[in-house]
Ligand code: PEP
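Okay, so here's just one chain, in structure tokens, the form predicted alone.
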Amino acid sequence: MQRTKLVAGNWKMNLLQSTGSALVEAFLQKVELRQDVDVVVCPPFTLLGRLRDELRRSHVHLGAQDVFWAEDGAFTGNISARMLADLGVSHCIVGHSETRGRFGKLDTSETTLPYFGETNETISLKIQALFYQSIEPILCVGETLAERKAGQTESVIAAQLEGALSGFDAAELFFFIVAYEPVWAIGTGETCPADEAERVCSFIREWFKNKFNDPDLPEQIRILYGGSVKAANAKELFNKPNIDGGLVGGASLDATEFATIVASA
């Protein structure tokens, strides 16, 4: 079947009100409306309200970078799915390697790594909370360089999928989104070769086929590639049959580059 491509920009911890607004304005002038590509912008929490108003009349969706699983309560510094829904958020990244404390390029002291305490259990709780608010999760999975060299790519990803999606049924996951992000390619400038990215994304689709007793589910799920996606490599990646778009980091902070990546889909 023909799945609609999806390209999501993860701005991470970058940009302020003025610069974020300017980037969106420039991007909207460059990106074309296409029925075969969904586009999502995931800014920091501080920009969600501002960008909601700017994207409201466009075809670009508003996404968030993370969420907390409780609806409300004494959880200082956290943002609930209900709060995101109130802001008009339609998609949300969960389980990114950086929230798991798994960095391709570590820009903080190793002694701070315990701060990044994401687990498969917390990711599963977040997915459940997002579903309750009709927000589409974008679940990130991927292996470190050491795990890849040890031949553990498939076992690591299978464990991440199993841990995050245990307890869900096929009906809940019919329009689910998974992003394969090899940790060693995030923020490093290294990109997984397109053929290898396709092989791993095919493995992910096969995992859904084997896990859930629904032959249609694997064909509905969109699997993205993330990890140093650029205009120069996007077309080759997106042309692979099991890669349904990309989760774009640094390149999404450049309006021309991001628009070119979307066009490549």
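Residues carry their position along the shown sequence, with the first being 1. Predicted model only: the values in this text are computed from it and were never measured.
Another form, the form predicted in complex with the ligand, is not on view; read the next lines as being about it.
Asker: Tell me the stretch among 130-138, 69-77, 179-187, 156-164 that has any heavy atom within 4.5 angstroms of the ligand in the predicted complex.
Answerer: That would be stretch 179-187.
Asker: Whether S228 contacts the ligand in the predicted complex should be assessed with a 4.5 Å heavy atom distance threshold; does it?
Answerer: Yes, S228 lies within 4.5 Å of the ligand in the predicted complex.
Asker: Does G249 reach the ligand in the predicted complex, with heavy atoms at most 4.5 Å apart?
Answerer: Contact with the ligand, yes.
Asker: At a 4.5 angstroms cut-off on non-hydrogen atoms, which residues of 129-168 are near the ligand in the predicted complex? List them in order.
Answerer: Residues within 4.5 Å: none.
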